[in-house]
Ligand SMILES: Cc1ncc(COP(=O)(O)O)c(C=O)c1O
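Only one chain is included here, represented as structure tokens and corresponding to the form predicted on its own.
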Amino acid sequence: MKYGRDLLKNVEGYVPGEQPKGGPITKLNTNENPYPPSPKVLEALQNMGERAFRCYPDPVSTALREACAKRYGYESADWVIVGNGMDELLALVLRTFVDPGDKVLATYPTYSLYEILCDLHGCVLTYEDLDENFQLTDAFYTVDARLCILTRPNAPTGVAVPREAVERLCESFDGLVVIDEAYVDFADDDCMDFPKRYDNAIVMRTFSKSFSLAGMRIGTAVARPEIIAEFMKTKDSYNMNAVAQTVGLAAMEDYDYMQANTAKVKATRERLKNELELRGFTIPKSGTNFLLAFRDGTPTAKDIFQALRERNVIVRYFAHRRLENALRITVGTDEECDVLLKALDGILG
């Protein structure tokens, strides 16, 4: 490609989880919520007038930011920015606070998009391996970098490091600490209070998982107002369309509905974990809406992944170091999980 940038020569774009089309498929590969969004979301969508489509949206998403600030315990929208999914906010944090050539720190394993975003920005992502229990090692706290991204709970392991470990990180790290809480509504605790306590903490969340709004692409970041003000300089002029702002606000205002759905997912998660363990899988404690299921011997995890596909059950397999013997399985409805278990029984005999 003679017109391309040198920076992009060796960059491969992020490959999202498969979105199969047609057929009776049990889809447990992309960590979508199996339950519908709040009825208030659909009502708000139906009540949008023609002006919402004809005119530009609020460029800074004021109403949604105010609702998020109130819910998360902050006094004003100055502590919040919203974006076109958390992925946009992750790209923005690099654009805003990291110079090309700088070092960014993350754990291994973690969300693979981080490395691609760093490659696109021209900065260097440095990994530090999690220990055998998928926890931070002492070496992690000694790395010198411009920015640290910590996924809590982790994807793809599902494991959340203790709050005390994140406190130690914020206190010892010289740069900004991005705490990616995409799955936190399925966990036991969170770090949303950290921006009040640490001037280098940024807490990010998404509406894709717990709010059942993956198709709307809504993400939030909470940080000190001076950090949010820097974000505002680099975001796109109208980064949130009117529909996303409207349904995001309706979802946030029906928080109890979201929590009821996450409670159902967590109950199914525990049942699925027990059933998978009975079938020979080893599963770390998950604080997410998925399980990372390890299995040694034959058939291998890759064999099981392929055999499940043949039975129209789609899960996620990563051919990456430390994940070769694992399947990442989204927690679906009880009925979807029963389909998975029946298919596994046919494969495992």
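Being a predicted model, the structure only gives us computed values, none of them experimental. We number the residues from 1 along the sequence you see.
Below: the form predicted together with this ligand, not depicted.
Item to check | Output flag, 90, 155 and 208 jointly within 4.5 Å of this ligand in the predicted complex, heavy atom basis | outcome: Yes, the whole trio is in contact, each within 4.5 Å by some heavy atom.
Checklist entry - Of 240, 222, 86, 272, which residue is found within 4.5 angstroms of this ligand in the predicted complex when only non-hydrogen atoms are counted? => result In short, 86.
Item to check | Contacting member of 111, 186, 198, 231, with respect to this ligand in the predicted complex [4.5 Å, heavy atom] | outcome: Looking at the other structure, the residue within range turns out to be 111.
Checklist entry - If contact means any heavy atom within 4.5 Å, which of 208-216, 116-124, 100-108, 274-282 contacts this ligand in the predicted complex? => result It is 208-216 that comes within 4.5 Å of the partner.
Checklist entry - Within a 4.5 Å heavy atom cut-off, is residue 251 in contact with this ligand in the predicted complex? => result Judged by the heavy-atom cut-off of 4.5 Å, residue 251 is well away from this ligand in the predicted complex.
Checklist entry - Quick one: does residue 182 come within 4.5 Å of this ligand in the predicted complex, counting heavy atoms only? => result Within the cut-off, so yes.
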